[in-house]
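Next comes just one chain, in structure tokens: the form predicted alone.
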């Protein structure tokens, strides 16, 4: 079932001026309910603009954004309700922490939803648990936390609103490998335990291969490819033409296949590669 549908979306920055730029050009996309969908593309391909349209942060120049079959701009005065339903975590969200304590920052969204204090406290605890923030950190200032902890706190602030759709723009940017793993575990946990739809923008093909059910590939303000990971990464030549790569493990398996080794060249995760090689050497792993 389709959760979000973009119909013939175009978006133009500074229309009618010398600085006019078309960020999206006649884009149509379906995002399936309950999936983790990755959006990949080179810098300037339109990825960030696209995700800002999903919750009404930006309004399309033309076309429609539908959530659960309803045009989100049908009632412009109620667009704030859409933002509770479709939660957007911007790139480097820790720079948007502004309250005196982490707890108050996480409470900001639920409080704006008009919830009572008991419900707000419950949501703070739940969101903190999802992202792995210890209770003693909640009373600390954002300035006292590490970069990874700040990132998790910012994500918790969106999760506390219990969005049906969680949209994240480069959620692991700038983090070390451990921090990346913690962030992505939190995101997967939220999807698995709530059934929410998740949309992730990332430059890391390895992360996308490991996490996503479906991929949307963008180039030059358009969607050029959409499908599951195997379908997308099997088109290595097309991806390279638009300046993208494929997971390193896929490159390895394709190279082995070209050399005459009997392996599946469409493997795109390390786990699957281990299984494939174990079969080849008849190793019980």
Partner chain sequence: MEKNFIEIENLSYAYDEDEGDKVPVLNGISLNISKGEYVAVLGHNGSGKSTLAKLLNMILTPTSGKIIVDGVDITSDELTEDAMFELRKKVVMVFQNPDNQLVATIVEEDVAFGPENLGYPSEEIRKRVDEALRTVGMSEYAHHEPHRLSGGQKQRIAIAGIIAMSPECIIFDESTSMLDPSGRKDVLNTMEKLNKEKGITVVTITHYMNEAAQADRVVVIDDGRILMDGTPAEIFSKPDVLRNAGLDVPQCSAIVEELKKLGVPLDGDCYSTELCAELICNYLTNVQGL
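Here the structure is a predicted model, which is why all the values come from computation and not from measurement. Numbering follows the first chain given and starts at 1.
Although not depicted, the form predicted in complex with the partner chain is the subject of the following passage.
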Of 220, 241, 251, 59, the one that lies within 4.5 Å of the partner chain in the model of the complex (heavy atoms) | 251
Stretch in contact in the model of the complex with the partner chain, which is absent here, among 125-133, 175-183, 191-199, 211-219 (heavy atoms within 4.5 Å) = 175-183
4.5 Å heavy atom contact, residue 206 and the partner chain in the model of the complex = yes
Flag residue 247 as yes or no: does it have a non-hydrogen atom within 4.5 angstroms of any non-hydrogen atom of the partner chain in the model of the complex?
-> yes
Residue 256: heavy atom within 4.5 Å of the partner chain in the model of the complex?
-> yes
How about residue 273: is it within 4.5 Å of the partner chain in the model of the complex, going by heavy atoms?
-> yes
Should the three residues 2, 4 and 145 be counted as contacting the partner chain in the model of the complex, with contact defined as a heavy atom within 4.5 Å for each?
-> no
Could you run down 76-93 and flag each residue that has a heavy atom within 4.5 Å of the partner chain in the model of the complex?
-> 92
